[in-house]
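Below you will find one chain, with nothing else, as structure tokens; this is the form predicted on its own, and questions on how it binds or moves follow later.
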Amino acid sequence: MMASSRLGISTALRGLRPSARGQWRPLDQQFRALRLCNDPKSTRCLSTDAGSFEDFLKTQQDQAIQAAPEINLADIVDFRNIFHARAVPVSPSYFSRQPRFNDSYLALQKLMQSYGKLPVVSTSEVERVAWKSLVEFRQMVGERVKASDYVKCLEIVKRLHRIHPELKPPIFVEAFQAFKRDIQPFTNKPNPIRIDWVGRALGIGRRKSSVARAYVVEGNGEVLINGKTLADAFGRVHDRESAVWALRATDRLDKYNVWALVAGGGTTGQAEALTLAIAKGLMAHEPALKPALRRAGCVTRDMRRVERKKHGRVKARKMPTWVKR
């Protein structure tokens, strides 16, 4: 069949006209019917019909050709109905690898060019803000932002944040919102410890895996830990000193009574957790003691924990003994 098709096409290209047959013909005969017809104006027409070219012209002249009416855009209210309109991306960085980050970076650069010359305040007077880390920003935008690019962006943000508060335009609030953390630790204020109707102040302290709850009330210096005295609860002298260090550092050993409940961890963790709990209860009675307690190291929570053991090592960091043979 391929040979017959090629023969029919070559015949049509040579201008030979095969004889007309019926309306339904085999494929090889239809290929043979292909021909090039020349009109007086030297217009080429490719036809598969066995009829004459003059009949084709007569048929085209009988059919009136009408042009489409002109489109009046003023009459079109909703342009969304125009199906042939080309969709244009809203962002100029739509086809880039990081469209959301690039838009934010370009907006910050534009703000820097417009407001970069405004007077700034010193670093100590600037409102403290917790900015998002690189990992948090990547999770928010869903893009693989480079660390160097994010550092440059944060430099612009911090420079604009130093502008005098009375001169900052309202557009800064929206521009900085993408880089601020959802929870600002500098604006969070702890709930004040209240003294109940009995005169007790409850302080909670933690250290490693230990948790201590200490009730501090005015008294003569009695200390009970899980119903035991200080000497019975802690056998080591160092742990006894650590448990009541907040009272000893402020010279309040004989002015307050302490009833404590401790759980979890070992004796050292329980003693140091009790230090923080007693300090919180003591500050509820006398808030003026906070600077002295902070200097003594009784206010800050100690976040240190035992480092976990790693595979291939004896302990957390100790390597096995090297043996030559």
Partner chain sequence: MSASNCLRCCLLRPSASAAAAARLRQGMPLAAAVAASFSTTANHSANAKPKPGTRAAERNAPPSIRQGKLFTIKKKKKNDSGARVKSPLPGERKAFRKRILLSNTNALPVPGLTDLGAESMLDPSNVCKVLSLPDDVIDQLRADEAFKTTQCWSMFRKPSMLIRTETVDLITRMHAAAKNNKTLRLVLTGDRVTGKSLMLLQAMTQAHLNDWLVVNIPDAQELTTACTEYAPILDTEPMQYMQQNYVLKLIQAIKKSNEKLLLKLTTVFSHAGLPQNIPIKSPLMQLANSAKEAEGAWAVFQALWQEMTAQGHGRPPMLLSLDGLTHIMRISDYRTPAFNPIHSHDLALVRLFTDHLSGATSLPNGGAVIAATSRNNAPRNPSMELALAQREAEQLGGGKDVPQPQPYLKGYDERVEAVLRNVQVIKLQGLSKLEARALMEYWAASGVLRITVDEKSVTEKWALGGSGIVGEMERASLLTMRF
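Note that this is a predicted model, so its numbers are computed, not measured. Residue numbers count along the first chain shown, from 1.
FYI, the form predicted in complex with the partner chain isn't displayed, but the following is about it.
Asker: Using a 4.5 Å cut on heavy atoms, which of Gln139, Thr229, Ser133, Gln184 is close to the partner chain in the predicted bound form?
Answerer: When the partner chain is considered in the predicted bound form, the option within 4.5 Å is Thr229.
Asker: Though the partner chain is not shown, can you say which of Arg240, Arg206, Arg200, His161 has a heavy atom within 4.5 Å of it in the predicted bound form?
Answerer: Only one listed residue qualifies here, and that residue is Arg240.
Asker: Go through 248 to 256, 210 to 218, 187 to 195, 173 to 181 and give me the stretch that gets within 4.5 Å of the partner chain in the predicted bound form, heavy atoms only.
Answerer: Within 4.5 Å of the partner lies stretch 248 to 256.
Asker: Would Gly235 show up as a contact with the partner chain in the predicted bound form if we use heavy atoms at 4.5 Å?
Answerer: Gly235 belongs to the contact set for the partner chain.
Asker: Can you check whether Glu155 is within 4.5 Å of the partner chain in the predicted bound form, heavy atom basis?
Answerer: Judged by the heavy-atom cut-off of 4.5 Å, Glu155 is well away from the partner chain in the predicted bound form.
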